[in-house]
Every structure is written in structure tokens, then in C-alpha cells.
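Below you will find one chain, with nothing else, as C-alpha cells; this is the form predicted on its own, and questions on how it binds or moves follow later.
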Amino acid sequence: MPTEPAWSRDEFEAQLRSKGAAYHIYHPFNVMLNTGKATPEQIRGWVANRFYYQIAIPVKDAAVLSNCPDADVRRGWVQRILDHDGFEIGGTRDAGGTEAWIQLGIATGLAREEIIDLRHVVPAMRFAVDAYVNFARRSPWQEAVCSSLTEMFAPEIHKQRLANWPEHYPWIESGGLQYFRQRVSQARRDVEQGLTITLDHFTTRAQQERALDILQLKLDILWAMSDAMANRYGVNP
């Protein structure tokens, strides 16, 4: 049976980017959040549950490192862990994205303790996030990298929150939105790295279609996370 020819590099990238139509920015729960219809309880529930995903991201990235034999890739990829976990090197200190997320939670009215002890995290959220981490641990590192490409669509959702939340939710202190500010630029850098690896590795048509399936899997996981929060906290019309 003849095989389909591989897409060109540009065609393959376009196929990957077209998956943005299924990004969780379009989930009813996220639409509610970004159009000012969420209650304080719903916002706090979202922040508390998403914290479980936030702390899983550097664990996922550590799994990529542990499976990757390429030192050049590891040197670049380790920055993601530092971005989230923070660092103190040569007198320079950065508290990291995880701490910035905690500050977001505090700005919405949550106590630090109830964020970090995960008391509000619903079972379906845990299941979805754990499935993603396990995929990264058990898959070839290039496939785990490919799954991270949902970051292609992340800057838009962060920019929406920065533009809309101060108007819709003025009771949230502006400093609490720092996570979104820093991720706009970080996500673009991460996308460049992850996209280059993916375009270099998935070169046959079968491999490229596999990459699209992997990206869809990650999109489905993000959608399931929003489902979990919608089921717990509801969606206002």
C-alpha cells in the first residue's frame, strides 16, 4: 500500500497550529472566566485546582530530561524547571512560576495553606494531570516534547486574562496577575524550542500524523481538566 508523502516543514507546522481550534480557551468554563461571568468562588476553585497542574509541569519536564540523551536539548529544556520551581544562582534569585501562582491564589482570597495542601483539587483533575505526567515519563522524549506544544496557544489566553480580568474582577489585586505576565514571553521561547525539536524529529507522514495525535491527546487532557472544574463549580450562563 503506498504511503502518503510527508508534509513539508511549513505544512507540518500549519497542521500543528490548526489544532488550536480545540484549545481549552474555548471551553465554556474558560469562556466564563474570561468574559467576567465567574463568581469569586469559581475563580478561587479554578486557581486551586490548576495549582495541581502547575506543580506537575516541572515534574513533566524532569521526565523529558531523564529520557533525553542529548545534552544540548537538556541544557535548553532545564530552563523550564527553573521557570516554575525558581532558582538562586550567583546571587540572582527568582521565586518562579509556582510561587507566582500561589500569589494569584492569595490575591483571589485563598490562603497559602489551602492552595499547597491541595484540599480543593477534585479527583478528575488529579486523574487528568497524572495521566499527562505518566505519558511524559513513559513515552520517547520527543513525543513528550511534542505534547508540550499546546504552549503555542497559551500566550493568547494569558493576554486575554491580562486585558480582561482587571476590568471584570477589580477585587483581584493586580500583583496577583504576575504569572500571566511572565508566561507570555516564556511560552513563546518554549514554543520555539519545542517546535524545532518536533519539526526535526517527526519527518515521515506517519510520524507527523502521530505528532498530531499526541498534540490532540494533550488538548483533550486540558479540556478534561476544564470539564472537572465545570462539574465541580458550574458554568454561569
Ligand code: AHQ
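Quick caveat, the model's predicted, so the values are computed rather than measured. The numbering used is simple: start at 1 and walk along the sequence shown.
Another form, the form predicted together with the named molecule, is not on view; read the next lines as being about it.
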Check all three, Ser18, Ala211 and Ile214, heavy atom within 4.5 Å of the named molecule in the predicted complex: no
Wondering, does Glu151 line up within 4.5 Å of the named molecule in the predicted complex on heavy atoms? yes
Evaluate His120 for contact with the named molecule in the predicted complex, applying a 4.5 angstroms cut-off between non-hydrogen atoms, and reply yes or no. no
At the 4.5 Å heavy atom threshold, is Tyr52 in contact with the named molecule in the predicted complex? no
Is there a heavy atom of Met229 no more than 4.5 Å from a heavy atom of the named molecule in the predicted complex? no
Looking at 134-142, 110-118, 88-96, 156-164, which stretch has residues with any non-hydrogen atom within 4.5 Å of the named molecule in the predicted complex? 156-164
Does any residue in 23-38 get within 4.5 Å of the named molecule in the predicted complex, counting heavy atoms only, and if so which ones? Tyr23, His24
